[in-house]
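Only one chain is shown below, in structure tokens, and it's the form predicted alone.
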């Protein structure tokens, strides 16, 4: 089969890595891809927002299935566009993509269907929002309604700060947001929970813990993710049952009742408080960097899983996982998540031995004349598996030391809560 993966991050490199292991994959394309995908797929330099050009590429290359990595084209309706032209796509419809594309849509869906989430209010007028803040407890979470490239959520420790940030959002700080969501701050432990959904059923697709804060010990600014490990230490059988019964199944039922059944990857960002799960956010695609650790652990052929999902036969397939622990550490460009350095050569990647337990997934990179250069804020994902999580982290840290790149930094403590508990 010929497959096209849309995106250029570590998530897309990890998906390509897993697909390449399938004997039934003939041609594998990545649009636009990065220096890592270039080694295992054919990169196609095209704008992911140009759906007409993407369709031409699908037809020219006789692509059988398109796998959408990032959220933006999904929110903008790429699945509907391609399906109308009889192209098989893994990803939700534009309407269903509102679960991530509009925080107000997601929160109101929770309210109507008794899905546990933090108390909230949705506002498009500053005075009303300001009044809500004055009556709220501190800290308070201020969220832009629409997509904001991971920069639309702020935990404010004073009412003054919350009012300032609310005003910025309502004044158009993010093009996608004309509303602000103000939310109760929940304390607890985070959990990333994944399912894969077709029109008839869903399957659990792994758990992980992401590390959003830029600094060690979970300090500093929020980022797109500084690293992750899988499986999540805090996911018990009892908690798994609660997540399915109280959050996942009511959400999927609600989407069906609205006439837009959800299909594709669904990623629930949860806060676990006193053994109870609360939905913080939905993502309508695989997480990044969680995808990297999950692809390392996945035993079942990924193409078979994608075929079953796009054919609505997912219930007939048993998805199997390696029982090893897996960790990924994100190597970032100096300055990230603010203004960061770019176009710096990264050396010595060839000195790292890659095998089933050690991989480097590229994110913000490009290649010229055999040399690798940095492009994004999150640049490489150094990923390792082991029977022991501490050993996996040590392997990743050892591999990081071999890389010659003085423009980067990383957290040395990914998985610290799980490792500390041992």
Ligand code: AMP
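Positions refer to the first chain, counted from 1. Keep in mind that this is a model prediction, so the values were computed, not measured.
Another form exists, predicted in complex with this ligand; not displayed. Remarks below refer to it.
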Exactly one of 156, 235, 252, 280 has a non-hydrogen atom within 4.5 Å of this ligand in the predicted bound form; which residue is it?
-> 280
Heavy atom within 4.5 Å of this ligand in the predicted bound form - the one residue of 122, 75, 141, 110 that qualifies = 141
Non-hydrogen atom contact residue 185 with this ligand in the predicted bound form at 4.5 angstroms = yes
Is there any non-hydrogen atom of residue 190 lying within 4.5 Å of this ligand in the predicted bound form?
-> yes
In the predicted bound form, residue 245 touching this ligand (heavy atom, 4.5 Å) = no
This ligand contact at residue 239 in the predicted bound form, heavy atom, 4.5 Å = no
Okay, which stretch from 148-156, 172-180, 79-87, 299-307 lines this ligand in the predicted bound form, with non-hydrogen atoms inside 4.5 Å?
-> 148-156
Even though this ligand is not shown here, does it sit in the predicted bound form so that 118, 212 and 222 each have a heavy atom within 4.5 Å?
-> yes
